[in-house]
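Below are two forms of the same protein chain, given as C-alpha cells: structure 1, then structure 2.
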Structure 1
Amino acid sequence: MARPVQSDLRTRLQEWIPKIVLAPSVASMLIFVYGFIVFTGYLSFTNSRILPSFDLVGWHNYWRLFQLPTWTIAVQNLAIFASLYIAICIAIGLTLAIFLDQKIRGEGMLRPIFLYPMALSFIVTGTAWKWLLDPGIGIEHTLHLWGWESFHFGWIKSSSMAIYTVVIAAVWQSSGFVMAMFLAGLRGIDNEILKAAQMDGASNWNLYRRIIIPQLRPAFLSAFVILAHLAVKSYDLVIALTGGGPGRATELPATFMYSYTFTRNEMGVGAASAVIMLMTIAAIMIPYLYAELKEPK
C-alpha cells in the first residue's frame, strides 16, 4: 500500500509544484498590472489632484481633456510620428530583409549590426541622437570644423521640424527589429513555390510582388501592431531627445499624461489621458488577436 500512496503523492506534487511556483508571479501581475489599470480607470472619473481622490465627477475629466489645446497638439504629433515611424520602419526593414535574403557574404555579421540598436534603451538612443543633432556639438558642428560652413541642420531646435528628429531616432532603433521579423518570414516561404514560378518565367519583380510579399502578410501585421504600440506609449525617447520641446513641438500623449499627473497635479486628467492611450492600443491589439485566433491552423 505504501508504494501506491507515494506514487499518488508524487503525481500530485508534480501537478501542484508548477502552480505554486507561478502563483506569486501571476498574483503580482494581477495586482500591479491589471489592478492598477482598473485603478487608473477609476481615477479618471474622480477629481484627483496631487493625491488620489474618491469623489466621482463622471465624465468631466474626459470633457476637459478634449478641450485642452495641449492634448490636441499631442494627438496631432502622435499622428505624424506614428504614421512616419511605422511606414519608414516597415519600408527599411523589408528592404534590409530582402537584401540579407540573397545569401550575401557577411550576413552573420550584418544581422547583429542591424539588430544592435534594438538592444539599447530608448533613453540611450534619445541621448545619443540629441548629441548628434545638436547644432553646437553634433553633426553640424563637426562638418563646420571640416570646412563645410554652409551646412545647417537645426531640426532639433525648430518647432516645426523637431517631431521629425524623434522619427529619425525611433526608426534607427526599430528598423533592425522589423528586418528580423521580415527575414524570418522570407526564410519560411516554401522554395518549391518560388522555383515553380521561376520556371514559368516570372521575373524577380513579379516574384516579390505576386508571391513573396503577399505571403509576408503575417509579418506585416505583426510589425504594424508592435510599432503602433511602441508609438502610442513613446515617452522616454522623447524626454531624452527633446524633452517635449521646443515648446510643445514634440509633446505626445505619454508625455502629456506624465506632466499632467505628476507636474501639474491634475491626476484625474492624466488618468483620463492614460485610459485613452490604453483604448487606442486595445483598438489595435484586439482585432489582431481575434484574427490570430480565428485563423485556421
Structure 2
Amino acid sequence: MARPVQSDLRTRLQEWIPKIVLAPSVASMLIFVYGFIVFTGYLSFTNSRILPSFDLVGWHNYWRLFQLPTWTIAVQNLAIFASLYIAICIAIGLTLAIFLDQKIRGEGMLRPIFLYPMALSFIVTGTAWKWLLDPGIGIEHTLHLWGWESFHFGWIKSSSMAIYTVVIAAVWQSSGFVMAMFLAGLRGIDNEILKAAQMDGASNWNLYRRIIIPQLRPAFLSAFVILAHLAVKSYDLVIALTGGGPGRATELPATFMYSYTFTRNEMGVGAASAVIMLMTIAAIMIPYLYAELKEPK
C-alpha cells in the first residue's frame, strides 16, 4: 500500500494563503494597537517629559496625577458629562423611538432629521453650538430681541455650568442614533405578543412598561456601551465648543492627556492618564464584547 504522500504544492499553498492574507492586519494590530498600549503603559512608569525617557520612576506619575487638581476636575467632569449624556440620550432616544413607532405620518421625514447630526464632525457641532449658546449673539440675544428681556442663558461663560453645555451639544449629536437603535429594537418585537398582552387587558402604559421596554434590554445595553465609550473618548467636541474652558471648567481626561503630553511636556503623566482612560473603557467593553462573541456559539 502506498504511504501517505506529501501534499501537492497547490494544496499546501492554499493552506497558507489565508494566513498570509491576514498577516499584515494581525501584525499592524499587534504593533500599532497592543504594542503601543504596552509602550504607553511603560512610559507611564518613566520620568518622560518632553521626549520619552526609559528611566523608571514607579507609580510616581499616577500618584502625581491624582494630586493634580486639573485631573480631579477632568474626572469629575467626565462623571457628570458621561452620566447625563448617557441618561439623557437614552431617555430622548427611547421616547422618540416609541413615539415614532405609533404609525406616525411623515416618519420617513422625521427619522433622517433626528439622525443627521451623527454624520457631522464634532468640530462642526461644536462650532454651531458655540455661537448658539453664546449669550452675546445666540439664543439669549435672540430672545432679548424678541422681547423676553429677562431671559438669561449664559452657561457657556460660567465655570460651574459650562460642562452642561457640552452635554447639550453631545446629546444633540448622538440622541438620534440612540433613537435608531431603539426603533430597530421595537420593530423587532413580535406583534403577536402585543396582541396577547392587549387580550390580557394591558393598557398602553403597562404594555410598554411591562412587556415592550423589558424586551429592549439588548438595545439598552448596546446604547449604554456605545455612549459610555464615546463619553470617555470625547475630545473634539470640548475643543471646538469650549476649548476646555472657561479656565479649566470643561477639562475632560481626553483633553487633559493631550495638553499634558504635548503642550505641558509631562509625557509620563499624560501616559498615565491615557492608561487610566484605557482601563475605564476596557472595564466597559471587554465584558460586553466577550458576551457578544460568546453568544452565537
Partner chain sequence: MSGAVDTGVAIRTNRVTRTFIYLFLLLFALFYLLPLAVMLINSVKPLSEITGGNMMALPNVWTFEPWREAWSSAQIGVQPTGLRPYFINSILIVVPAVAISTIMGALNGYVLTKWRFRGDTILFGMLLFSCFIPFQIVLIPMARVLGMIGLAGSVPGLILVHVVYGLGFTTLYFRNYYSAFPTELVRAAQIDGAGFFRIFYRILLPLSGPIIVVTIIWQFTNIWNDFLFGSSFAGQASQPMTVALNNLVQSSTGVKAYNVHFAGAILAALPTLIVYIVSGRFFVRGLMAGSVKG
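C-alpha atoms forming the largest set that superposes within 1.5 Å between two forms make up the rigid core. Small disclaimer: the values here were computed from a predicted structure and weren't measured. Numbers follow structure 1, counted from its first residue as 1.
- Structures 1 and 2, same chain in two forms; the form predicted on its own is found in structure 1.
- Annotation for N191: C-alpha shift under 2 angstroms between the two structures, rigid core superposed.
- The Cα position of L143 differs by 2 Å or more between the two structures after fitting on the rigid core.
- Annotation for G35: C-alpha shift of 2 angstroms or more between the two structures, rigid core superposed.
- Note on P24: its Cα is shifted 3.4 Å between the two structures, core used for superposition.
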